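One chain comes next, on its own, written as structure tokens: the form predicted alone.
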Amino acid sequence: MAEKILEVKDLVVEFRTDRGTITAVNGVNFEVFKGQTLGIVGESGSGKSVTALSIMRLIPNPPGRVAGGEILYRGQNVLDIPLDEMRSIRGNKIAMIFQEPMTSLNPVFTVGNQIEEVLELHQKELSKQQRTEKAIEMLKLVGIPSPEKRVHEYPHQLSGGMRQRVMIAMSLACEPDILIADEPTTALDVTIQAQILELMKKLQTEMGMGIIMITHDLGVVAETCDDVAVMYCGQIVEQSDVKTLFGHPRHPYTKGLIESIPSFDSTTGGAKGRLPTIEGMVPSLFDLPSGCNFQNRCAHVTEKCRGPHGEPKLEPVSKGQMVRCFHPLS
């Protein structure tokens, strides 16, 4: 059994707005193990990034706050840790790659300066020369050519793929236990995307870290993840290992997401035709329906789903597979 590094239990995150308080994450539970990757997938606004920011304790307060639950890093609830101590964990033991490297990297400092800053914060015993050498070593590790030259360059002098590699280098500089990758391949072409994902798998094997892969791309999930949590309206609606999820999805939303992946029919030599879609829109968090949140988009909806029995609970339907649905698919 792999070593458990992180456990999120009954996480609830709220935001106060002019229209009232909304619950962006509602009762989320999952575990992350050493050397394994958990995928968190769902449409925009499903609560994926808010969950990640909660783990890092980066939810802006106000207007947001963690209203309930626990985030246990090696058995210790990070929500109870003083902020000064949390800063020593953030970026050191738990690191995060943010969505857009061009906005995450500081344009007025070289990429070497920015990697060295992480080392200066968390590895104070290193000299200036040692930090520079470590920055070059990290750039080499993530496959950046001529790292001795690149370490003196600014973000705007690098391509999107190179900037993303710099973000990975910064995140891994302190050899964290957990890496949270929030849409790490957004806006990259498919060739660079494949290289970045392959790099992350290679580094995970070498360093033994657990990874939380946050994405809306099920192709990325199939390629990189061991376990998957599918989120909708701030809740996990299906959770299982990756093979079970793709081989036998039990929630209508999960099935709809998988069916909407473009495929190529080798028997005809062309695309299969028009892609299936999930009809309708994600409901507003200000106006969630009573009962199941997915009812207005579901082809299998019944009166039971519309509220008289409350909302469905996340319950096991087979070994290792849990679904939030009154009528799980067979």
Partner chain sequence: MSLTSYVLRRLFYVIPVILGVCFLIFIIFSVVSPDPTISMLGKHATKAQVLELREALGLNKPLYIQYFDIVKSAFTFDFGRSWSTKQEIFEMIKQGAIPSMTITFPAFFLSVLLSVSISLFVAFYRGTFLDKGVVFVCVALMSISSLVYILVGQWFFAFKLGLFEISGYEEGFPDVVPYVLLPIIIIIILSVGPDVRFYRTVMLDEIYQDYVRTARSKGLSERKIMFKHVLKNAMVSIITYVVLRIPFLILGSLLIESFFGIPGLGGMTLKAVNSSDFPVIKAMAVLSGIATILFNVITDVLYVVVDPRVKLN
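Residue numbers count along the first chain shown, from 1. Please read all numbers here as calculations on a predicted model, not as lab measurements.
FYI, the form predicted in complex with its partner chain isn't displayed, but the following is about it.
Interface residue remark: I81 is not counted as part of the site for its partner chain in the predicted complex, having no heavy atom within 4.5 Å.
Residue contact check for Q76: none of its heavy atoms lie within 4.5 Å of its partner chain in the predicted complex. At the 4.5 Å threshold, heavy atoms of M207 stay clear of its partner chain in the predicted complex, well away from it. Shown alone here, L126 lies farther than 4.5 Å from its partner chain in the predicted complex, counting heavy atoms only.
Comment: its partner chain is not present in this chain, but in the predicted complex one of C233, M170, I211, V230 has a heavy atom within 4.5 Å of it, namely M170. Taking D177, E117, D226, E183 one by one, only a single residue has any non-hydrogen atom within 4.5 Å of its partner chain in the predicted complex, and it is E117. The stretch that touches its partner chain in the predicted complex, counting heavy atoms within 4.5 Å, is 85-93, out of 85-93, 141-149, 199-207, 127-135. Residues L121, H122 of 120-140 are found to place at least one heavy atom within 4.5 Å of its partner chain in the predicted complex.
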